[in-house]
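This document opens with one chain alone, in structure tokens, the form predicted alone.
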């Protein structure tokens, strides 16, 4: 994939140190900007949903240099999200809110290079998940 693993890992470490529950803030942004997605999250308690997303983000960043792992796991995740009612448009909303959250929590550590690395990484994640959703 050619993603900048070092920048992704170091910036995630900075964010996690400042706010260990990154996904709590992410969902605040998501529900404020796109309240129509809230019903999709009624299956799981909010703390469980936050934990699952947090674990997924960490796992992807840990495996960012393992293309086979990313391909297998993100395609499977994309297939699973079809059953939840997730549409292609929603991937853009999630990406927007994830980047806003990371930038907010990273503060001065959110450089143009870090922003570009996360934008590229999310684009790759989105692509693999949508490929899985199409199968």
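All values derive from a computational prediction rather than experimental measurement. Numbering follows the first chain given and starts at 1.
Separately, the form predicted together with a small molecule exists; it is not shown, and the next lines address it.
For the residues 90, 100, 61, 106, the 4.5 Å heavy atom test against the small molecule in the predicted bound form is passed only by 90.
The closest heavy atom approach of residue 67 to the small molecule in the predicted bound form falls outside 4.5 Å. At the 4.5 Å threshold, heavy atoms of residue 29 stay clear of the small molecule in the predicted bound form, well away from it. Of the heavy atoms in residue 129, some are within 4.5 Å of the small molecule in the predicted bound form. Heavy atoms of residue 72 never reach within 4.5 Å of the small molecule in the predicted bound form, leaving it off the interface. Heavy atoms of every residue among 37, 52 and 125 are located within 4.5 Å of the small molecule in the predicted bound form.
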